[in-house]
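As structure tokens, one chain now follows by itself in the form predicted alone.
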């Protein structure tokens, strides 16, 4: 199944193609893949992060489905 993955801020440097930037990349994943498996596959550091699937907050044990858009942000603060 195809899932779009976009990484924001310094996490964008972990895109597998090495090009950085916050543009989404299409990942070909096995059915039943969960967010945590994608995080591990990409090699993101073990640090706090905020995860959205299709613009909704999602836990890392959530299963992904064909056409989902996974967005991962580092924590941000500000006013």
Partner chain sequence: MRDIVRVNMATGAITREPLPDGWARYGGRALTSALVFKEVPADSDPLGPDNKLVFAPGLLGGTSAPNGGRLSVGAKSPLTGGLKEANVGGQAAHALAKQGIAALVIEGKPADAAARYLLVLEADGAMKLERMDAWAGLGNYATADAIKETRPADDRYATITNGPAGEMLLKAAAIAVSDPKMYPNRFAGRGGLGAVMGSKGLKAIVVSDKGLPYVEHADKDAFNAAVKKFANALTTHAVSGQALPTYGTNVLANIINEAGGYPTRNFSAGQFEGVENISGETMREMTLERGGNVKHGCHTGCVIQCSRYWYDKDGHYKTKGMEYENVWSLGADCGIDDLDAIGDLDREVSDLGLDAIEMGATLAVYMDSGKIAFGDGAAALAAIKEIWTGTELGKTLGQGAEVTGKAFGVKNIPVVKHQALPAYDPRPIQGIGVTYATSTQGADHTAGYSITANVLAVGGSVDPLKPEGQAALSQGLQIATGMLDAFGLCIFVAFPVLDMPEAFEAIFELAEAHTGLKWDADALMQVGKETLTYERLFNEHAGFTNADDRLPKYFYEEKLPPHNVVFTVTDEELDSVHDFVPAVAASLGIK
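This structure is a prediction, so every number in the text was calculated from the model and none was measured. Positions refer to the first chain, counted from 1.
Just so it is clear, the following notes concern the form predicted in complex with its partner chain, a form of the same protein that is not shown.
Its partner chain is not drawn, but in the predicted bound form it has no heavy atom within 4.5 Å of residue 26. Among heavy atoms of residue 71, some come within 4.5 Å of its partner chain in the predicted bound form.
Using a 4.5 Å cutoff between non-hydrogen atoms, residue 19 does not count as a contact of its partner chain in the predicted bound form. When its partner chain is considered in the predicted bound form, residue 36 lies well away from it, no heavy atom lying within 4.5 Å.
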